[in-house]
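Next up: a single chain in structure tokens, the form predicted alone.
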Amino acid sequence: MSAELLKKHKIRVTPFRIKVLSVFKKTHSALSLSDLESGIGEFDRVTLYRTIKTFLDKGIIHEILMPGDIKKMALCQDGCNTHLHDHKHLHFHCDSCQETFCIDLPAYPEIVLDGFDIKQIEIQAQGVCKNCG
């Protein structure tokens, strides 16, 4: 399935890219760079950074920037591509376990501002997740 995802996004399939994708697919939450590094074992740092940039640029993963300089990455949904990241979910950061989750919402708010062309809305929340609560 990872090879098909790379092909769909017109990315050359390599064993390293498959390995990086497998780390994302094994987790239920977003990953920090150190989480990703731990999950892939031995690697070349430059190759990892290039792979992350390619995955971001092609719409395979997205970055989550939470207050307090928390930066994580998670797999994108099917609607993302090179030109558009279409995320209609909430990013929830647990203050207890420090995990960050992408959570689908039953209804996504529509915001209209006169004179503004909104391209993307990001909703963030912090608190205690259901596993820690």
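Predicted, not measured: the structure shown is a model, and the values here were computed from it. Whichever C-alpha set is largest while still superposing within 1.5 Å between the two forms counts as the rigid core. Residues carry their position along the shown sequence, with the first being 1.
Although it is not shown, the form predicted together with a further copy of the same chain is what the next lines describe.
S.K.: Looking at C97, I103, I40, L33 here, can you tell me which has any non-hydrogen atom within 4.5 angstroms of a further copy of the same chain in the predicted complex?
M.R.: If I apply the 4.5 Å criterion carefully, the residue I get is I103.
S.K.: So in the predicted complex, does M66 come within 4.5 Å of a further copy of the same chain, heavy atom to heavy atom?
M.R.: Although a further copy of the same chain is absent here, M66 would touch it in the predicted complex, with heavy atoms inside 4.5 Å.
S.K.: Contact with a further copy of the same chain in the predicted complex for L90, defined as at least one heavy atom pair within 4.5 Å: yes or no?
M.R.: L90: yes, in contact with a further copy of the same chain in the predicted complex.
S.K.: Is V13 part of the interface with a further copy of the same chain in the predicted complex - any heavy atom within 4.5 Å?
M.R.: Because no heavy atom of V13 falls inside 4.5 Å of a further copy of the same chain in the predicted complex, the answer is no.
S.K.: Do L5 and a further copy of the same chain share at least one heavy atom pair within 4.5 Å in the predicted complex?
M.R.: Because no heavy atom of L5 falls inside 4.5 Å of a further copy of the same chain in the predicted complex, the answer is no.
S.K.: For the heavy atom contacts within 4.5 Å of a further copy of the same chain in the predicted complex, list the residues of 109 to 125 involved, in sequence order.
M.R.: Read in sequence order, the residues that approach a further copy of the same chain (within 4.5 Å, in the predicted complex) are P109, I111, L113, D114, G115, F116, D117, I118, K119, Q120, I121, E122, I123, Q124, A125.
S.K.: Core superposed first: is there a CA shift of 2 Å or greater at I118 between this form and the one not shown?
M.R.: True for I118: a C-alpha shift of 2 Å or more.
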